[in-house]
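Okay, here we've got a single chain as structure tokens, the form predicted on its own, with questions on binding and movement later.
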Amino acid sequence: MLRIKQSNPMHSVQDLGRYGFASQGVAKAGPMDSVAACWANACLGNAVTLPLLEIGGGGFVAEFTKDVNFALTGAWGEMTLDGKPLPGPGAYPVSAGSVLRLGRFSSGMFSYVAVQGGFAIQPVLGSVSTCQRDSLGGLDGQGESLSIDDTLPYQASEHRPLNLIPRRYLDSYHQPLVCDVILRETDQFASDATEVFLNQGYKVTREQSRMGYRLEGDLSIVAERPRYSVPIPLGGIQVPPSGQPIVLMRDHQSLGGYPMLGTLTRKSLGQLAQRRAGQMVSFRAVSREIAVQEFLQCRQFFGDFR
């Protein structure tokens, strides 16, 4: 068991998401940063579809009750095992009784904790992913975040050597971010809307959630007219009447009436999710073919990717 000793509402059980139910209004859910989540399972030799923990904002303490190998990836900061600092993202052997503490994050927003063999949690609609909005997934199947004294079952395993992720694969969440976007051509925007969008920087606002991130730029984007509500994709960039974009995240609604400028690639979506309020992001247009190629490369590397 992994016994939770300290937690907050941004700590949850996730896997790669709940697919095939958008027509019924069910969110995909899943990890805010797919790449970091896949790394957590991959460096243990797990299938990347196995359940793991998403730790948003630090403030997490847990005790391992059995010997196991665990992985920690994504956001980084005050990470310790039995009071000793961990050297970096990767897989570690751990003994029964050891305590993992994730304090304040100095880089990024979301960390991922996986164990060899995965956590044994019952799926709901084919996934364990926690979605508080839909009251689905998680430990109890009702969409609740992790709480103190929760226990997550896992199988004991023999210790393996330390396995850090090579530095060339690690993202820096401090650097200014340029997101790749597939532009949409069907919605009615003012003639200069795309130019305005691509040629200015945006600040991540404090309005950040698993449903969406609001951005703020110096110049507003003008839509010529609204449209009826239509299905909207993960990573979609909506423009409300304020003219400031909203990027749709993992727990976004299935229908929306705001005009859409385009859709972020899955990798860029995860990198945006790791940015704090006040950090700057900008956007560049990529072709659908390039975006699909990047997605397929991630699938080839990890064995699955969503």
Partner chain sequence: MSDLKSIQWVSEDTIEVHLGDPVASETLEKVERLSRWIQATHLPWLIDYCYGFGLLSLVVRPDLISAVQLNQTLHDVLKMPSQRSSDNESDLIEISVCYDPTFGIDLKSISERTQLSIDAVIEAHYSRDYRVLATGFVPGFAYLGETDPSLHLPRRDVPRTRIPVGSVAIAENQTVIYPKQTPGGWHIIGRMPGSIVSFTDQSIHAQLSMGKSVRFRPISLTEFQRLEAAHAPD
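All figures in this text were calculated on a predicted structure; none of them were measured in a lab. Numbering follows the first chain given and starts at 1.
Note that the form predicted together with the partner chain isn't included here; everything after this is about it.
A heavy atom within 4.5 Å of the partner chain in the predicted complex is found for exactly one of V61, V26, V281, L50: V26. Interface residue among G143, G90, G201, P233, judged by heavy atoms within 4.5 Å of the partner chain in the predicted complex: P233.
No residue in the set W76, S209 and L248 has a non-hydrogen atom no more than 4.5 Å from the partner chain in the predicted complex.
Although the partner is absent here, R3 lies well away from the partner chain in the predicted complex, with no heavy atom inside 4.5 Å. Although the partner is absent from this view, G20 contacts the partner chain in the predicted complex, with a non-hydrogen atom inside 4.5 angstroms. Residue contact check for V239: none of its heavy atoms lie within 4.5 Å of the partner chain in the predicted complex. The closest heavy atom approach of L125 to the partner chain in the predicted complex falls within 4.5 Å.
Residues of just one listed stretch (163-171, 106-114, 184-192, 149-157) have heavy atoms within 4.5 Å of the partner chain in the predicted complex: 184-192. Residues R288, A291, V292, F295, L296, R299, R306 are the members of 287-306 with a non-hydrogen atom no more than 4.5 angstroms from the partner chain in the predicted complex.
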